[in-house]
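Shown below, as structure tokens, is a lone chain in the form predicted alone; questions about how it binds or moves come after it.
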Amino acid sequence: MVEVDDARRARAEVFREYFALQLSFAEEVSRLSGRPLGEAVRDFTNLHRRLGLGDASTSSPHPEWRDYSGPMEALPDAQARLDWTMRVLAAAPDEPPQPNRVRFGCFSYDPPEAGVVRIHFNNHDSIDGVGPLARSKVPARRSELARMFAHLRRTAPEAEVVVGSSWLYNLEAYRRLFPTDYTASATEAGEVRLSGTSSWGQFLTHSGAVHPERRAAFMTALKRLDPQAPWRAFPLRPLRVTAPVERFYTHFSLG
């Protein structure tokens, strides 16, 4: 835990509605499936990661998870659980960067594994009040991608295929940054992990507020939630896209 001052508490509070949405989802999964609430929150929200405890979907839950989930499960109602969650978030360390991930502005990639390069996007450009995918920022995003793929070509000759998986591929504002045959390959993912941002990120605007239309659609879908396939409640499903890495080198004029 870190020392909590008013500024840190205020930064956490920006996301209150976002985490209220996640907790409501986990509570419904727990109710319908009979799973303990702490387990549902761990597996179906991104709180384990946002508390700086890592990705629970790829490793055992962090020992400190029980320090949050135990008291949370004992609370009497949703409001009390949300208030507790916000207090713990304000005192949590910052989420650590992914090990070995190579970042260029809003984009990053994981080093190739068996020739496959996975690319990622995070909002690191909205301090001016304009979202990172705005048309005015297309040149900046394309520059980041060009530099990223130049670095990949220079340092990872074993790279063969690029793979992405995110709800963002539903948006033309995101697709326009990439080669058309990469985005045209989009297929809906099968079973979707919900412990990261590939689904939850769609609810956040660039300012940290919750997108009202997507929230409304999600809350309606929550009334008919299938606990065997809870990801189907999300308005925008993650799409998987892929293309040969050489296609990116050509697209960004890297020779």
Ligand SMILES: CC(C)(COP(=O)(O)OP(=O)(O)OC[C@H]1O[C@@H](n2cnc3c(N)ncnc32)[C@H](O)[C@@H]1OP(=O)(O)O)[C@@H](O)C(=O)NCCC(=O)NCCS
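Because the structure is a prediction, the values reported are computed rather than measured. From 1 onward, residues are counted along the sequence shown.
Although it is not shown, the form predicted together with this ligand is what the next lines describe.
Taking a 4.5 Å heavy atom cutoff to this ligand in the model of the complex, the contact residue among R193, R35, R214, H62 is R214. Listed residues A146, V163, A173, A140 were compared with this ligand in the model of the complex; A173 is the one with a heavy atom within 4.5 Å. Comment: 199-207 is the region of 183-191, 35-43, 199-207, 217-225 lying near this ligand in the model of the complex, near meaning a non-hydrogen atom within 4.5 Å. Taking the partner from elsewhere, M72 is found to have every heavy atom lying beyond 4.5 Å of this ligand in the model of the complex. Interface membership of L236, defined by any non-hydrogen atom within 4.5 Å of this ligand in the model of the complex, is confirmed.
Put simply, G131 is close to this ligand in the model of the complex: some heavy atom of it is within 4.5 Å. In the model of the complex, at least one heavy atom of L168 sits within 4.5 Å of a heavy atom of this ligand. Although this ligand is not shown here, in the model of the complex the stretch 115-131 places heavy atoms of F121, N122, N123, G131 within 4.5 Å of it, in sequence order.
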